[in-house]
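There is one chain below, alone, in structure tokens, taken in the form predicted on its own.
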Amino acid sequence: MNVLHAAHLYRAYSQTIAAELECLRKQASGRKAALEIGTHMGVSAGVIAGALAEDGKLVCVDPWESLPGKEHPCFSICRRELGRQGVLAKIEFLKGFSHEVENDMPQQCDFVFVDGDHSYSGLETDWGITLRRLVPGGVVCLHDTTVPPNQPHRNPGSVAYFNEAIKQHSSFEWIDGCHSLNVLRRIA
């Protein structure tokens, strides 16, 4: 697929649907310090980076584990896709799992998109990172934290963690949602 993408015969894809991407665009608009946990092929990163303030920066975190003698094909597609969109200069890549590269992440973010490990413990880890880095007034978008009504089979552990630990967190208010995405603003 990497070769096909290079030849413009294959498009980068994401499980984040168009309406969710539009929600991300709206919430990232004008922000300056953004973090995305789980970038894959860069579809959502392109939307977020394109919406940031002109001097905004997006840090993208994904394992993109290297293959023997070459980089991961999804990372190649991601960089190429973001270059085609003209937003590559606004992006810094951190290769590794979120808990492995947390020390390299920005200390203060005003926008976070969590779309990494959708297990209970995976979201628990990424939520901890969000709590340590998101400033008051900042927004966090959490993918796959609601089961879409037309897709009851989609019920990852991230839904349970959201309902049990995040939904009623006293430092956050729910401000938007779309399909499987929930958006919260930090109030304290």
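For clarity, every value in this text was computed on a predicted model and none was experimentally measured. A residue's number is simply how far along the shown sequence it sits, counting from 1.
There is another form of this protein, the form predicted in complex with a small molecule, and it is not shown here; the text below is about that form.
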(request) Tell me the stretch among 32 to 40, 50 to 58, 159 to 167, 145 to 153 that has any heavy atom within 4.5 angstroms of the small molecule in the model of the complex. (result) 32 to 40
(request) Check whether His118 has any heavy atom within 4.5 Å of a heavy atom of the small molecule in the model of the complex, and answer yes or no. (result) yes
(message) Taking the small molecule as it sits in the model of the complex, is Ser14 in contact with it (heavy atom to heavy atom, 4.5 Å or less)?
(response) yes
(message) Contact with the small molecule in the model of the complex for Ser98, defined as at least one heavy atom pair within 4.5 Å: yes or no?
(response) yes
(request) Tell me, yes or no, whether Gly138 is in contact with the small molecule in the model of the complex, where a contact means a heavy atom of each within 4.5 Å. (result) no
